[in-house]
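Listed next as structure tokens is one chain, alone, in the form predicted on its own.
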Amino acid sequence: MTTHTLDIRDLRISLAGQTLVSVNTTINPGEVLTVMGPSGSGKSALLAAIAGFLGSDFTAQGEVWLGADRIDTLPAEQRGIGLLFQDPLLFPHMSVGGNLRFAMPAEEPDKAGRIAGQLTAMNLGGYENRDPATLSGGQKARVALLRLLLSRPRAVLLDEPFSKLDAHLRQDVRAQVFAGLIAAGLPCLLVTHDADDAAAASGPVIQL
């Protein structure tokens, strides 16, 4: 397993000439950095700048490196960044297995076997043919996590992925997400309003 650091070097994001965010930090493999702050503080803009879809109204200065590669100059699809959002965003016209297969690299061997094994590890064994619409919120969140991991990202951005889960599900899903990302050795940046998310991440915290 190849792991990388995510280096955010003097990244400054501005809107209408006003600096919203200024970040200079390194996220190590298997580490979750949490960014907290009120609405409008620039958390989403920070994720967008790293992922490569910052709106044209914003300007960004600085550099983003993933291992030995500078990625802020690359198109979004070439950056190797995986994203997990508030909504699972599963494809409704595909089965659970189809959603997972879609994310996997074309050269991946034995896709069916890998999908079956990963679903079983998430207590979703035999769900390959299930319609995503029939899943609970927690099950959808786990499938979204699996789809992310099976896409083999080199770093991950989490945009409040637990905020729409019921309280009794949030703790379990959060634990599974962090365990999966840490086991994969992925540097991870989490944006959240929830102090419990930050505590569960067990990593450094930046307050905007």
Partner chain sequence: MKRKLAKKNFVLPLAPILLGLLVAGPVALGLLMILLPAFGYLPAIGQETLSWQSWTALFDTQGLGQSVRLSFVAGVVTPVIALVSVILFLAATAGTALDRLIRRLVSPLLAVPHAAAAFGLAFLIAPSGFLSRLISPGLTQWQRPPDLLIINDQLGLTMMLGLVIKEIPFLLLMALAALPQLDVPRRVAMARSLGYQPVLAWLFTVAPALYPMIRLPLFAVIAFASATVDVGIILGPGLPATLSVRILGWFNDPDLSMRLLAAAGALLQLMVSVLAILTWLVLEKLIAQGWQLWQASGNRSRFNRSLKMMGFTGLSVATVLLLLSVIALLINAFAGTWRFPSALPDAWTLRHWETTLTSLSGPVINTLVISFVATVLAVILVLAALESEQRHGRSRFTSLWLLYVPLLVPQVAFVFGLLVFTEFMHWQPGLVLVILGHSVFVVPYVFLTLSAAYRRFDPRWAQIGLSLGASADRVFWHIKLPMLLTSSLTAAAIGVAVSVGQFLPTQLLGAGRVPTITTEAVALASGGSRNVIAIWALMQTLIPMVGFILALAIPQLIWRRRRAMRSVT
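Residue numbers count along the first chain shown, from 1. It should be emphasised that the depicted structure is a prediction, and the values quoted were computed from it without experimental measurement.
In what follows, reference is made to the form predicted together with the partner chain, a form of this protein that is not presented.
Asks: Does the partner chain come within 4.5 Å of a heavy atom in each of L74, A133 and L148 in the predicted bound form?
Replies: Per the other structure, all of L74, A133 and L148 touch the partner chain.
Asks: Indicate whether T120 is a 4.5 Å heavy atom neighbour of the partner chain in the predicted bound form.
Replies: Because no heavy atom of T120 falls inside 4.5 Å of the partner chain in the predicted bound form, the answer is no.
Asks: Can you tell me if E108 lies within 4.5 angstroms of the partner chain in the predicted bound form, counting non-hydrogen atoms only?
Replies: E108: no, not in contact with the partner chain in the predicted bound form.
Asks: Indicate whether the partner chain has at least one heavy atom within 4.5 Å of a heavy atom of R154 in the predicted bound form.
Replies: Yes, contact at 4.5 Å.
Asks: Heavy atom to heavy atom, is A116 within 4.5 Å of the partner chain in the predicted bound form?
Replies: Taking the distances in the predicted bound form, the answer for A116 is no, it never comes within 4.5 Å of the partner chain.
Asks: Where, within 85 to 105, is there a heavy atom within 4.5 Å of the partner chain in the predicted bound form? Residue list please.
Replies: Sequence-ordered list: F85, D87, L89, L90, F91, P92, H93, M94, S95, F102, A103.
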